[in-house]
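Take a look at this single chain, the form predicted on its own, given in structure tokens.
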Amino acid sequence: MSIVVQKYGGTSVASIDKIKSVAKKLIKRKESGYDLVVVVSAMGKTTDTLIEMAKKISDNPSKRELDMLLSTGEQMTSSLLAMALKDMGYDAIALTGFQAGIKTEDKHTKASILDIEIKKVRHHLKEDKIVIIAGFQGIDENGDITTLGRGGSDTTAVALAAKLDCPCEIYTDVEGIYGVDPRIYPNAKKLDYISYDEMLEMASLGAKVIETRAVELGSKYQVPIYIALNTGLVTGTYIKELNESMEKKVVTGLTASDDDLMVTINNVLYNTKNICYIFNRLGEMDINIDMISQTAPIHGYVNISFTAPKESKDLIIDLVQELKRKMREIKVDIQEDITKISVVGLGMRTQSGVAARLFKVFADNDIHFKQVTTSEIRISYTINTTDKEKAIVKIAEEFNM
């Protein structure tokens, strides 16, 4: 029989009734002739609850012990789902990440999967069992439980599908992938297909439908990924390799993120060593930066701007104080009320004029932008957050999204 990996997110298994409903869907799929490997997330807000409990014990809990704690959420879901299937007369087995052979690097709370020893999973499939695997977790070379970070169950599912050479279906609380957030633009169109490259850009820019690492794995191992509503009643979206029809649409997706702040360092003495020092220190402090711009030198000085996650604000303030001691003439401005707007589309590779159309949208609607960056299939702007909804609607209308 054909194998398929399915993943059910936290909202899909948030209650006992929902777990029983998932079990019935699995039975129906099993009876249609498929071997099933099912990856599950923790029930509802269980992970958040566990984190809150840990913080009541310690302001800075051990990451190793935190992984031990957080991994129990997915283990609870997997065992309950296996119980439900057995109670309905179908053989099933629940496995932890370790039991499923998921090996990770030695990095707690944000580990990456190194390999999967798939032999045990295949053995259970040959015994005609529905294999239920706790997502979001694995084991390192020291035998310690690790977790994969937020969205890690998506990564677990795609990695298993890559190892089993089969498709991956991710069931969640959305009907699929939209070109633009339908909560802001009600006329948004759901996409039937999107390429790995486009989805990777959108996920990295803030689209929260699927975790970035899952898309990377899908692209690397050519795993077809299907995103759909957990009821299964509405056709979802396929993430797949590029075909010619995908390039006909100049813009496929539009994302907006309020998660970044913009730092501008004015009056930096134009010297390559100064620029190098600033960005070396950002790297050493583990501050992820995205958009970077620099003015041309004027009288020997330049201004530098970059965006970084708001969660790094305290680190950035520490760095600013350090820079002021080293470069006494600089003046630093930190803006938090910004939004990063990005348009993504494979069609930009072959069709010109996208930037011109976007600049016209901004000009016609009095939307001011602060930075612009481009790649082969993406254009990003930082704008005032107060202009976010207007910008989304006007761009969506311009590109018929």
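What you are looking at is a predicted structure, and each value in this text was computed from that prediction instead of being measured. Residues carry their position along the shown sequence, with the first being 1.
Keep in mind that the form predicted together with ligand ADP is missing from the display, and what follows is about it.
Colleague: Residue-level question: is residue 278 within 4.5 Å of ligand ADP in the model of the complex, judged on heavy atoms?
Modeller: Contact with ligand ADP, no.
Colleague: With a cut-off of 4.5 Å between heavy atoms, is residue 176 one of the residues that contacts ligand ADP in the model of the complex?
Modeller: Residue 176: contacts ligand ADP in the model of the complex.
Colleague: With the partner left out here, check for me: in the model of the complex, does some heavy atom of residue 181 sit within 4.5 Å of ligand ADP?
Modeller: Residue 181 belongs to the contact set for ligand ADP.
Colleague: Can you tell me if residue 205 lies within 4.5 angstroms of ligand ADP in the model of the complex, counting non-hydrogen atoms only?
Modeller: Contact check for residue 205: no, nothing within 4.5 Å of ligand ADP in the model of the complex.
Colleague: Could you check which residue among 307, 172, 195, 257 gets a heavy atom within 4.5 Å of ligand ADP in the model of the complex?
Modeller: Checked against the cut-off, the match is 172.
Colleague: Name the stretch: of 217 to 225, 105 to 113, 320 to 328, 164 to 172, exactly one has residues whose heavy atoms fall within 4.5 Å of ligand ADP in the model of the complex.
Modeller: Result of the contact check: 164 to 172.
Colleague: Under the 4.5 Å heavy atom criterion, name the residues of 9 to 46 that approach ligand ADP in the model of the complex, in sequence order.
Modeller: The stretch touches the partner through 9, 10, 11.
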